[in-house]
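Heads up, the chain below is alone and in the form predicted on its own; it's given as structure tokens.
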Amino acid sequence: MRNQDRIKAVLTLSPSIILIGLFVYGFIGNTFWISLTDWGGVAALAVNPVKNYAGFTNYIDLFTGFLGGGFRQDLVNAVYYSVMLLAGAIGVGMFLAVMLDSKPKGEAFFRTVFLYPMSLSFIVSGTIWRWMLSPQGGVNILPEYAGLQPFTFRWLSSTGSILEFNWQNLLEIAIYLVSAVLLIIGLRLFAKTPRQSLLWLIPGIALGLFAWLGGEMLPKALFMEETHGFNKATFGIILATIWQYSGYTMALYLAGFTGISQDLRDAAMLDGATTASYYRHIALPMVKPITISAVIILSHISLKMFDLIFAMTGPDNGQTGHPALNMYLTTFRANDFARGAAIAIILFLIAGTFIIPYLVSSYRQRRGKP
């Protein structure tokens, strides 16, 4: 009977597995192959275009070549987009969920209002926010109604940057970031399992000391000496994205808070817990899986911010660029299909760094492993 069930399961799942293998992983593999060629140029759209194997030349040019400077700035922008979206959407969404969890008057109305932006497409919301953030109108002229001078900040066209760094120091910065992550994990484990925490603390300290004392030994000549930073023109796009997805994270947290037993909350209050301590020590730790899911989903969304940027600033504003937009322009405007495929693979790998650990963790939890 068990063998028959297995055969039926295999026969049932085989069509889906074959289709996914062909139309998902097959196309990913084909994209990776294209990225290893020189397919592009004037003859790229020929009936039988010539594709010569070029190895990892496209990837090397993107990270070290002179013409890859725009992509590198877009990659830096993507990091800031992701960090700001995660911090803003999760922070605002969590705050709104906590406020609504206390069941205020008009809760259903406010929940609908906060969740409404999620129903809009990026094109629609991008167009609205472009009008609102216009330098000569929108929010900039609000002070005039109070008899004050209007704002002059160029939300979507500012050329100033902050948090600038030299691209030649990329390896050193990456080592510092890895060291910081290892130290944070180790310090969090120290109170519960001091021995296990050393497995994270020792490598973290070693990497930090290496970057500090031996940073000059790193091969900086591999990278161009150029300055990149957080462009102020991205503030408007980040603001619009947080506005659109705060309601989504609010709904996630509100569902998690609703699932917590009221008896548990009442017991905490009887023991002298305040509302703040209840959420800090009981509610938020219990909805940790929701936080992880929100981080994964929003990180994935931040890597696909094509339509919002296209609607708000257009395709030719280099200050607000994004690798997804760069990939579109490189592939379908410049007809450089190999280079565009390389950008797509890089985005795919970055997305995998967020999704794969989450899937592995979920699988281990189902199997009952720590």
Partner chain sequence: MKTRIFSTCLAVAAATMLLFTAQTSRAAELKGQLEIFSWWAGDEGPALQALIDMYNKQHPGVTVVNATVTGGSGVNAKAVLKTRMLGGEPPDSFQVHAGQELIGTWVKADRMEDLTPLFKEQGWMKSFPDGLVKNIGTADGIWSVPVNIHRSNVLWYIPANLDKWGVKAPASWDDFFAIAPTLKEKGIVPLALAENWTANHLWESVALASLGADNWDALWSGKLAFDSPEGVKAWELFGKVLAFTNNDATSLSWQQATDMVVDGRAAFNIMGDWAAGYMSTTKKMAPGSGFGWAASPGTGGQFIFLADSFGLPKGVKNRDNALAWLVLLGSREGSDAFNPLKGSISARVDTDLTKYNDYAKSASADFGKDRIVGSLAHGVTANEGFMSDFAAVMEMYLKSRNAQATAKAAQQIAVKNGIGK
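Model, not experiment: these values are computed from the prediction. Positions refer to the first chain, counted from 1.
As for the form predicted in complex with the partner chain, it is not shown, yet the points below apply to it.
Asker: Go through 37, 319, 31, 64 and name the one with a heavy atom inside 4.5 Å of the partner chain in the predicted bound form.
Answerer: Of the candidates 37, 319, 31, 64, 319 is the one lying within 4.5 Å of the partner chain in the predicted bound form.
Asker: Where does the partner chain sit in the predicted bound form: which of 311-319, 22-30, 297-305, 341-349, heavy atoms within 4.5 Å?
Answerer: Partner-contacting stretch among the options: 311-319.
Asker: Heavy atoms within 4.5 Å of the partner chain in the predicted bound form: does residue 125 have any?
Answerer: No, residue 125 stays farther than 4.5 Å from the partner chain in the predicted bound form.
Asker: Classify residue 169 as contacting or not contacting the partner chain in the predicted bound form by the rule of any non-hydrogen atom within 4.5 angstroms, answering yes or no.
Answerer: No, residue 169 stays farther than 4.5 Å from the partner chain in the predicted bound form.
Asker: Whether residue 329 contacts the partner chain in the predicted bound form should be assessed with a 4.5 Å heavy atom distance threshold; does it?
Answerer: Residue 329: yes, in contact with the partner chain in the predicted bound form.
Asker: Please run the contact check for residue 204 against the partner chain in the predicted bound form: heavy atoms, 4.5 angstroms, yes or no?
Answerer: Residue 204 lies outside the contact set for the partner chain.
Asker: Within 4.5 Å of the partner chain in the predicted bound form, do 17, 92 and 293 each have at least one heavy atom?
Answerer: No: no residue has a heavy atom within 4.5 Å of the partner.
Asker: Where, within 18-55, is there a heavy atom within 4.5 Å of the partner chain in the predicted bound form? Residue list please.
Answerer: The stretch touches the partner through 42, 43, 45, 46, 47.
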